[in-house]
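Just one chain is shown here, as structure tokens, and it is the form predicted on its own.
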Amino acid sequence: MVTEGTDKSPGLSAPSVTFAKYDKPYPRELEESVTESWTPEVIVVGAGLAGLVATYELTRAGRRVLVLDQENRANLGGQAFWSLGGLFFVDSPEQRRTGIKDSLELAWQDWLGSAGFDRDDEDQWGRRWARAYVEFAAGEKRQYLHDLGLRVIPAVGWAERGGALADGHGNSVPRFHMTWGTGPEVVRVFAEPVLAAERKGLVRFAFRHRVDELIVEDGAVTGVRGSVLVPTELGRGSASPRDVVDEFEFRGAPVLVSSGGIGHNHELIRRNWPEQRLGQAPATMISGVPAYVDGRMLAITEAAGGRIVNRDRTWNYTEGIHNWNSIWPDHAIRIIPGPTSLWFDAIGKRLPAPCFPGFDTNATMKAILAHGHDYSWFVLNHTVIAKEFALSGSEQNPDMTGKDLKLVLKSRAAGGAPGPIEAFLKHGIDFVTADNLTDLVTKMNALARPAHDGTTPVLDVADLERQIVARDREVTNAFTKDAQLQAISNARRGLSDRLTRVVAPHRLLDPAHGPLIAVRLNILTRKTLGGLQTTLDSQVVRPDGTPFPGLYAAGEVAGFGGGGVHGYNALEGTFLGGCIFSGRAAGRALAAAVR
């Protein structure tokens, strides 16, 4: 037997979150018993968030659902479980309470400015999905989730701030609402009713069932066939063995593909990398998602006759760090930064506007890759890291994930950096600290990596000091031409940012705020923005533009709807919401179709 994933370095375990009384394992014969006495009305491929939402909607309508997944039951909920639980709401009560004025019109302006839809054919459904999704975010989305028991924290975050023109990329106002309970809570509110439906006999799970082919008969998808993988008791997120022990085939029902994207398939990411738009693909990439996010179902669905669009659109982060305590191979964590850290490329030049922390992901990616390097640097001090650094991942935020208010107050309101960040300062291979800039730069140079041409950069301490001192001189003045300092001043006008996210401007080289810190930032792979083209009912489209009978897609595999709801850029907080919205649409459409 292959034992991949069992002999890994000590890692963080998944957050201790259960799904009420429904978290007990079920006998394997129940999971896999699809007989003449129980036949599914819908087959769902993928037990991630989009698949769970669709199954929830289907069971609400009384439909029988078979859910297949190549992983074991421990991975129910997929990638969403590991997320920070960010949700994009428009004109929410949380926004209004903190003085944020938002509207459907402003959000739609931001979405269009960020998406940059410019492909009449490939974007035709994505643009329609975008309008429908923004209306959902400004309308019933919050109540829909609230009715399921989901709550968000009162502070609203300002992610992907843009920084150029009013009609360009970015959020004009804060819209990032963090779930109280993070990703596991988002999963829980759908998993519990689905598991209850399993108890009632409406749902059957077939875990460790890998779909290898869609069955097409008379021009319609009527089932799936594939391989049964060797059983495993590995924990959530671990890379699992791929030994095949049997085969399976299920027929007689329409199929929903909700299998996720390509985020851990670096070969596929490089094959589709938009070099003309962003520069040469990074030589080093680290994975922000588990190994099972392999993109297999995209090619399988295309081979059956489905259409893939916008292959070159993916969403990868520039603030990736190696997890010192990994759960999956090449496990990466993203720093979610406040706006104060100075950002330098690999040769020590400060990145231009709007390439500031948390402003414009793709513009920053292009600037970092421009000189043939695949990493960059944050330079900051302890005052900044204590207040402005957050880490992606439910396991990196145990206070929020565990809904432990006392721990939140202890770790975030008592001064100093939260425990997980201090752990990275102590153990993370991308972090260096020093009491002076000369020593800091010496340590930074020890972490340098070769460029594509084989040369390794050597940072010049004098030039780095010149750039930092130039910035520091402007802090004491009421006026500044430094666009980053202007952005910090703008951010501190908001109550949430001022209280919880953005430090008061100060000289970075002031010893009172030390020690100095540098963080090597790597390219972190994450989301697929293109995918299977779908109608507003989540029905997959054929290459000739006609709907494919019996075949539906939801979540990341469908570019979160239509094959590319985000266009070229995401506004953040939109990925979980995209799974929820497209999964809901698919479930409701299928429930109506199989009457």
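Since the structure is predicted, the reported quantities are computational estimates derived from the model, not experimental observations. Numbering starts at 1 and runs along the sequence shown.
Keep in mind that the form predicted in complex with a small molecule is missing from the display, and what follows is about it.
Stretch 44 to 52 is the contacting one of 529 to 537, 542 to 550, 44 to 52, 57 to 65, since its residues have non-hydrogen atoms within 4.5 Å of the small molecule in the model of the complex. The small molecule in the model of the complex is not approached by residue 238, whose heavy atoms all lie more than 4.5 angstroms from it. A residue is said to contact a partner when one of its heavy atoms sits within 4.5 Å of a partner heavy atom; residue 311 fails this definition for the small molecule in the model of the complex, lying far away. For the chain shown alone, residue 581 is not a contact residue for the small molecule in the model of the complex, no non-hydrogen atom being within 4.5 angstroms. Residue contact with the small molecule in the model of the complex: residue 82 places a heavy atom within 4.5 Å of it. At a distance of at most 4.5 angstroms from the small molecule in the model of the complex, all three residues 176, 259 and 294 contribute at least one non-hydrogen atom.
With the partner omitted here, the residue from 142, 209, 127, 387 that has a non-hydrogen atom within 4.5 angstroms of the small molecule in the model of the complex is 209. Shown without its partner, this chain lists 77, 181, 337, 223 as candidates; in the model of the complex, only 77 has a non-hydrogen atom within 4.5 angstroms of the small molecule.
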